[in-house]
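The chain that follows stands alone, in the form predicted alone, written as structure tokens.
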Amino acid sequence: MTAASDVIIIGAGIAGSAAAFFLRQRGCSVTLIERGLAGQQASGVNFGNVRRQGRRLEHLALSNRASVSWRRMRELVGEDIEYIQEGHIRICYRDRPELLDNFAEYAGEARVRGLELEIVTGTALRQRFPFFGPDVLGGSYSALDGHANPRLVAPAFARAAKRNGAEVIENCEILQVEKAGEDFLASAADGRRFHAPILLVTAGAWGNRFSTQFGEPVPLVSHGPTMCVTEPVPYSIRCAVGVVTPVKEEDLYFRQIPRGNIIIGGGPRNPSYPDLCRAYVMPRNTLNQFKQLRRLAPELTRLNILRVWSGVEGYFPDEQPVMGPSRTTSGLYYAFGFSGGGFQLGPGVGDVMAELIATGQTTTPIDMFDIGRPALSATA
């Protein structure tokens, strides 16, 4: 059995790796354990949106807290994670003009929660975003949002945590967790065992496997995003772009990176298989993205696709995560199931969970993410 630490964290995605980093800043000893490599699953295969706008209003406090870390990321982790704060715009099409009213209403509510948005239409829209197709009616622009490289962020947090004294163990699959006296005991497939008085589960689409072992099963399902990247062209689109629509097939978002490539996501999700740690891209979903791109930004459809990918993401029925303490077991905490929206939140999640574990409370409200909320217990 390994030497004890204050906290065991299972899952080294962005939430778990950030939690390890912030716990070390608070003086807690940490063992961060990952079945594969840090950031290998959902945290590393997503679109890379660092946006606050469009989230539920009650989530903005957590999103705002994460935003503070994003702006300090190089200082925090000591590495370039390709964070670009050049804005984010959500658009609507001419056949859904009522969405412009929704944008304006949301902007008013968001402003009192610390998020400034600008509604852009007409000539101003065309001048600032000349790549939009004629069907685009208007948009909601957030100047302080942006995007980053998801393949870099969780590993950077894990390395920073390790430099600060955390034990980071990769390629180690935890099969069983249990409370043994005052400590938690985590047993790995290779026979290693780890113990600590506090356990934090940040295992993404696999979180239910561990919560169930403590009598807290939840209705977590998995899906895979539809992602692709194009050949490079001159760098000209600095903000991230997304479509707001009630029709899943019309859902689309893209961003350009300084190397010139366009990264595209959205539309119907792909099937994923947590038991195999695999998700498979459906060609029709990629083709649908380019069909929608003709409407959003027609010139981009001339580009060739270089690569497609997907990944395993965990979703709850109400598309809200589980985050906070266990209801059955003292010393047990959860932060998983972010339903495709956890990348931007990740540093804030890690910061909040570190605060909660170290002090017993948090200044950021997370009660709505409780594992015992009716939306989960009714369908578990």
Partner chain sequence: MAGPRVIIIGAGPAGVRCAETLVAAGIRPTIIDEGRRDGGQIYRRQPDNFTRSYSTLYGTEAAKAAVLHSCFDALRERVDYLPETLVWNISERVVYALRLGKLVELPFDALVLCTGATDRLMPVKGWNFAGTYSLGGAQVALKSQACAIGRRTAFIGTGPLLYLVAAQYLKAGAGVAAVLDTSPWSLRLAALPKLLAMPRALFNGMALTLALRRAGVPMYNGVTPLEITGSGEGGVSGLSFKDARGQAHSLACDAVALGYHLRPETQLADLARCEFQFDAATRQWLPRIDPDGRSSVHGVYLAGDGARILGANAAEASGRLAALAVLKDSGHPVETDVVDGQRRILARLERFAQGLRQSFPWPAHFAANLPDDAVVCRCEAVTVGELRRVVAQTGATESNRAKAFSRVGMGRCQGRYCGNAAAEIIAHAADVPIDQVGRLRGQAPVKPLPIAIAEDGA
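Residue numbers count along the first chain shown, from 1. Because the structure is predicted, anything quoted here is derived from the model rather than measured.
Omitted from view is the form predicted together with its partner chain, to which the following refers.
Residue contact with its partner chain in the predicted complex: Gly242 places no heavy atom within 4.5 Å of it. Taking the partner from elsewhere, Gln127 is found to have every heavy atom lying beyond 4.5 Å of its partner chain in the predicted complex. Using a 4.5 angstroms limit between non-hydrogen atoms, Asn304 touches its partner chain in the predicted complex. Interface residue remark: Glu231 is counted as part of the site for its partner chain in the predicted complex, having a heavy atom within 4.5 Å. Heavy atoms within 4.5 Å of its partner chain in the predicted complex belong, among the stretches 69-77, 284-292, 105-113, 206-214, to residues of 284-292. Think of it this way: in the predicted complex, its partner chain has a heavy atom of just one of Arg159, His195, Arg269, Lys179 within 4.5 Å, and the residue is Arg159. With the partner omitted from this view, the residue of Asp135, Glu170, Glu249, Glu118 that lies near its partner chain in the predicted complex is Glu170 [heavy atom within 4.5 Å].
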